[in-house]
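Before any questions on how it binds or moves, here is one chain, the form predicted on its own, in structure tokens.
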């Protein structure tokens, strides 16, 4: 395939966790956000909040974007037209997650085109109440993901991905096949071991309970890491629902009514 800068950026995507001290200029920041704004959307339910407090950021990145599912803004627009939202919070959130995620990916791709690196940070939904207080978010604004961003001070290799046949299905979902499963797992595990990823990062998820540890950095790799994370963590949905409630979302009922002074005209 002919060399293409956009495809190269997408196919060689990697997370950056070390940044140069240089701070991107205002024109660079605005271009990145404008590219995010042009992402496909259901209702422009994504917005971005920028922090420049480098010393407080993960990896001391010069920029930290918090990508928001911004239903509050939609409700203000609707109220200006005399409407109140009746769509339930669950449906609205699902569309909002799509909008904010598309926006975030556009921003990451734009940043790469401008010579910046970035790292997606996926924990904001699980500390949403803390982020709401920190940034004075109004109700019905939910932090979906954060983007650490700046000029990279490292050049790690792209991390392995599942083989294409284990990712692209045509016509119907395939029947379970042990051989293809084992082949895909081998691609991931051998790839991460070849990069010595977990040893360099010093990361091994601890086994909970009294299970005996049988792994070491010589054989601990991606599939075991995924198994330990999703086999032990985030077992109580109430913990997530509490974070959503703290941000003004109720997934058990319909849309919450706006305060009396914000009620739309009849």
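Just so we're clear, the structure is a prediction, and the values are computed from it rather than from any experiment. Residue numbers count along the first chain shown, from 1.
Just so it is clear, the following notes concern the form predicted in complex with another copy of the chain, a form of the same protein that is not shown.
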Is there any non-hydrogen atom of residue 21 lying within 4.5 Å of another copy of the chain in the predicted bound form? no
So in the predicted bound form, does residue 94 come within 4.5 Å of another copy of the chain, heavy atom to heavy atom? yes
Would you classify residue 149 as touching another copy of the chain in the predicted bound form, given a 4.5 Å non-hydrogen atom cut-off? no
Consider residue 50 of the chain shown here, and say whether it contacts another copy of the chain in the predicted bound form, taking contact as heavy atoms within 4.5 Å. yes
Contact set, 183-219 vs another copy of the chain in the predicted bound form - heavy atom within 4.5 angstroms: 185, 188, 189, 192, 207, 211, 214, 215
